[in-house]
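Below you'll find only one chain, the form predicted alone, shown as structure tokens.
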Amino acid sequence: MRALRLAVVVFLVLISLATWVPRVRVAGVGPDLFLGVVFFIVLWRGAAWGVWAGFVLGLLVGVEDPATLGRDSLALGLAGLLVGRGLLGLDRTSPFVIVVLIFFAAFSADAVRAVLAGLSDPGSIPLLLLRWALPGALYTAIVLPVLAWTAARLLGLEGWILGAA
């Protein structure tokens, strides 16, 4: 049953990426919804699951643009690892901790993407980090908790988001 729920969530994320996410982009920067899926898998199942989920979801993203195949797998897998390690010893019921971890996970994923995109011109990497990674991480850290809280309220799972074990 959990696998079916996860498949539905991934399907809804794909629909969201094709419909409303392009409309809420600000200056070309939008929220990373797949990072949200990886983040909550880490909360739900642990770091190892988060790394594998990030890798598989990254491959799914890479199917759309074969030139970048593997880039998102590396980025999302690393984000899953960082979140899993970051949760050790932290209060995962604190909304502040969740938002900060989402920010760092999103920044790390976007930084990997920026570095890989800027390999042909290493001088452009700092600009890519400032132009895409930092605003994208801020946007993701604001949007994901709101979406997760709203979805949990609609599904009657209020305690699940911050009380995940």
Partner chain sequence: MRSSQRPLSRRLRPWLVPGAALLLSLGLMLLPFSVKSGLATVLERSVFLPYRFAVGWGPRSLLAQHRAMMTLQERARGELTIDAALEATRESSRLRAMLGFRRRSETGLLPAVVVGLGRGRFGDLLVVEPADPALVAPGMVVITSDGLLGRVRLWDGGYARVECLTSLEMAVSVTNQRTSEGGILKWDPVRGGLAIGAIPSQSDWQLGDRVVTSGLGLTFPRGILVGWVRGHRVGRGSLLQSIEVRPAARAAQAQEVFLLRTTDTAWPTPAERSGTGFSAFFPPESVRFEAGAGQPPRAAARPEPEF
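Only a predicted model underlies this, so the values are computations on that prediction, with no experimental measurement involved. Positions refer to the first chain, counted from 1.
Note that the form predicted together with its partner chain isn't included here; everything after this is about it.
Engineer: Considering 102, 43, 114, 37, which brings a non-hydrogen atom within 4.5 Å of its partner chain in the predicted bound form?
Structural biologist: Here the answer is residue option 114.
Engineer: At 4.5 Å between heavy atoms, is residue 11 in contact with its partner chain in the predicted bound form?
Structural biologist: Heavy-atom contact with its partner chain at 4.5 Å: present for residue 11.
Engineer: Any chance residue 98 has a heavy atom within 4.5 Å of its partner chain in the predicted bound form?
Structural biologist: Answer no; every heavy atom of residue 98 is more than 4.5 Å from its partner chain in the predicted bound form.
Engineer: Please tell me whether any heavy atom belonging to residue 67 falls inside 4.5 Å of a heavy atom of its partner chain, as the geometry stands in the predicted bound form.
Structural biologist: Residue 67 belongs to the contact set for its partner chain.
Engineer: Even though its partner chain is not shown here, does residue 25 get within 4.5 Å of it in the predicted bound form, heavy atoms only?
Structural biologist: Residue-level check for residue 25: yes, a contact with its partner chain.
Engineer: Select from 120-137 the residues with a non-hydrogen atom within 4.5 Å of its partner chain in the predicted bound form and write them out in sequence order.
Structural biologist: Contacts from 120-137: 124, 127, 128, 131, 132, 136.
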